[in-house]
Every structure is written in structure tokens, then in C-alpha cells.
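Take a look at this single chain in C-alpha cells; it is the form predicted on its own.
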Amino acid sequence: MFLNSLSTYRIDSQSNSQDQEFIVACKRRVIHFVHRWVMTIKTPVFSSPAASQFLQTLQEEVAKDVEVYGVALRDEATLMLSVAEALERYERDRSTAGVSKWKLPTSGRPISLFGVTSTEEPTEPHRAIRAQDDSKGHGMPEVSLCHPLMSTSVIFRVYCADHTYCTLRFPLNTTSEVIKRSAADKLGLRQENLLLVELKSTGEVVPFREREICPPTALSLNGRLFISNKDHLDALMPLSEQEGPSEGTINQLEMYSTRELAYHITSHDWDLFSAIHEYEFLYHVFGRDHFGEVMCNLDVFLRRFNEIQYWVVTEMCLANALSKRSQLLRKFIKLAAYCKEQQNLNAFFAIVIGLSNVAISRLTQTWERLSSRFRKMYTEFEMLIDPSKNHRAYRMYVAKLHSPILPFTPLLMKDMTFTHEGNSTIIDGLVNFEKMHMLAETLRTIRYCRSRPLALEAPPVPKNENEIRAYVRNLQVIDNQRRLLTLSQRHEPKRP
């Protein structure tokens, strides 16, 4: 593309027989195309050495042509100057961007950029890595950033089959192959036939591909990184800590008002959602190892949905007394209502789906204690999350809302995945722009959801505000469905 663009721009050097008006028109078309292309895409262009060299070469030639063609290219020279200024800002921000890191708690579970565990104090202030989605003029604050997380590093553990481990620190754009080799070296393992895998709390083993970027942030809720010979994967056993908590936090939840919980959940979720770069959605859909780019902000936000969902199920299953469970059930339904009111539809879906988990829905004695008011409220929620007709009820509801909105993100990912897998990217050697337009439509939806800043009405400041904030940012969950069912059956055994 670069060579073709330069060749078209240099049309006057190819033939002296061309009319000057035609030559100027060709040069204008090239400059306008380049300007629109650069200012639309920005970061991927600026991060490419070939693209940066092309832009510098084109700017130099435009500057020379202004002396030849004068006022005919004056406006185009201004456009190229704006491109050069944007490139200069990018390079300046990239060179001055501070290096921050993600710190994993002792359990090795990744935590978000916006919080620390309730039992730990951060060793340094956390810098919120916010995405620059090229949305200037759409209500979002413009934030200078060379790449969403390229200057960030992560600290994590890699375990062996005997549960010994090493602690590593790498940039987020590190591949699983590099992590595997470093872990093998530190643990004294032979490099042959080794695999880096995720071991889930259920015992399921998920291997990472060698080119996969940043495995630590791609782990499931209670997943851990293990390194093992590919012939011995069946011998891997989960750590005891992967089982999750053995006691619920209902005593803490009783001290927090439901409105306060909803406020802090939505505030935290908005921070996570705002940090996602638009391109991370594309990286996820096309394959995390296809572009070689990080998508850690999206990893964290997608895991947040599962975290809230399993938090609801965990707390209900760990409440031993029937009265406590019925109290929690009412609280979670009210929490879903507040999240819906605050347009945090991602958390709303997570809570309602959590309550519909079979480990909870089978607790008939608990549900029988609900008043008719709460039953009606929950029935309305179920109708809203009904997946029939491609989530028609939800789509009609969200279409009436104004930003800011925290949308049901798994549905957005599903839409983009179906678009990608159901349509060829290249048709007869040409880019399928119809497919690109469909993907762009989803990205425009995401951009609209974030087009205005979040402005929630804060509840009265309680004495334990910091405690509530720490609690909602570090939910402890059981993500093993079999264990959740076992706990549920202890409360209400199967009827003969």
C-alpha cells in the first residue's frame, strides 16, 4: 500500500505529458486518503516502523511540492502537518510512558489494574491504564497512550506437578513460549516436551499455544499456570487454594447497604470497561495469537462477569441457615435492580444468571420464602435476559438507553464472533468490506456506551467505604460447579 500510494503521489515524475490540474488532483487524493486512514486507525499505524517511515517520506515530498504548486496544495500540507503532529505526540508519549506492573496476590490469581486484595496494601500507586479509542469529539477524554498495556509488566507464579513454583515478571506482550522456557530454567526442568498450561479448579487442563500473548491474564477465575511434560498432564492436581472459600461473607454483606454495593460495583466495572481499547475486541475475535498484541484489559473485564456471577452462587451456597439464604436472595435481587437502574447491564446479567444457576434454582425452600413483590421483580429480570430470538428483549431495552452504559459484553463478543466466523475476510482477493462494516457497527456501539462519563449519585459516605470498595474489587468465589451442587444438596437434599 505504501509503495502504491507513493507511486500515485509521484505521478509528475513518471511523465511530463500530464496536465498540471490532473497531477494536483492525484496528489490531493493521496493526501486525503492517508490523512483519513491515519486519523482513523492511529495507534497501529504509528507503531509500525514502515508506516512511520512512509509518513515522514510523504510529508517531506508534500513540503517540496508546496513550493512548486503553491496554494493548490496548501490545505493538503496542513493535513499532513496534523498527521506529523499526531505521530510526534505518539512517539513522545511512548518514550515518556512510565512502566507499571500488575501484582498478583500470593494465590497467584491475577487481579485487575484498579485494585489490590483486601489483605494487601499496594507496594506502589496503581496507574489506571486507559485506552485511547481514537474517539476525540465523541465525549471521551483524550488520553495519550502508546498502546493499551505495552509498557506494563505482570508478576505471576508458574507451578510444577509437585506444587513447587517459581515467580516470574514479564511484560504483558510476552508469549507463552518465552514464559515456558524461563520457568523451566528456574525450576530446573528439561526443555524437551514441556507445555505451559492452565489447570482449572475442576482439574481440566488447557494448553497455551506457543505464540499466545500474556497467558497470566487469560486464566479463568481460579485457574493457575502449570508447566509439565506433555505426557504427564493427567497427573496434574489442583492446588487446595483453587477450591475457593470455605465460608461465606454474609456477615460482611449485612453491614453494607445494597445501594452502596451497587454503586461501588458499577464504579469499578466502569473503570475496567473504560480501560479496554477498541482493538482488543478485534484481537479477541480474530484470535489472541493472530496479531501479537495484548488484550489484557478485555481479559479482566470478561473475567469480571464470571466473577460476579459465581460470587452470587458462592455466597448463596455457603449460607448454611435457611433464613440467611432467603435474606441473601432478596439482597441479590435488589442488587440486580440497582445495577439495572444504574445501567450496569453487565453486572445485572451476571447477578441474574448467577441466581438462575442450578445450584440456586433448586433451593425450593429458599425461593418459597420470597414475597410476591420480589418474585415479580425476578420474573421481569428473567424476561429481560431471555436469550430467545437472539436476545430480542435485551436488545430492545438497551436501544432505548442513553450513554453511559455498561452493556452485556458477552453478547457483543458473540455478535462479533458470528460476524467473523460467518463471513470470509477476503473474497476473490479483495477485502470483504461488508464484514468490516458489520464489525465496525459493534465497535460503534461500544464507543457510544462510553461516549459520556459515568456520573452516579453517590450514596452517603459510610465509615467503611474503603472496606466496601476493597470487597467488591476482590470477590472470592468457587467456580467448580460440581462443588457448588454438592453444597446446595447439603442444604436441601434431593427428594426421593
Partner chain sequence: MPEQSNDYRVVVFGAGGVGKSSLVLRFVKGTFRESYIPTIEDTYRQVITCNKNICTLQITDTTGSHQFPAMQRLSISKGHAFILVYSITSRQSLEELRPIWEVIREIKGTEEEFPIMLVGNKCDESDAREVQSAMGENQAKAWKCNFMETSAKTNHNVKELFQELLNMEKNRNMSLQLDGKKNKSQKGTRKIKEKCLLM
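Residue numbers count along the first chain shown, from 1. These numbers were taken from a predicted model, which means no experiment stands behind them.
Keep in mind the form predicted together with the partner chain is missing from the figure; the text below concerns it.
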query: Segment assignment from 246-254, 68-76, 160-168, 410-418: heavy atom within 4.5 Å of the partner chain in the model of the complex; finding: 410-418
query: Touches the partner chain in the model of the complex: R395 (any heavy atom, 4.5 Å); finding: yes
query: 4.5 Å heavy atom contact, E434 to the partner chain in the model of the complex; finding: yes
query: Touches the partner chain in the model of the complex: S153 (any heavy atom, 4.5 Å); finding: no
query: Partner contact for N320 in the model of the complex: the partner chain, 4.5 angstroms, heavy atom; finding: no
query: In the model of the complex, the residue from F305, W367, F291, F374 that sits within 4.5 Å of the partner chain by heavy atoms; finding: F305
query: Of N229, S267, N423, S403, the one that lies within 4.5 Å of the partner chain in the model of the complex (heavy atoms); finding: N423
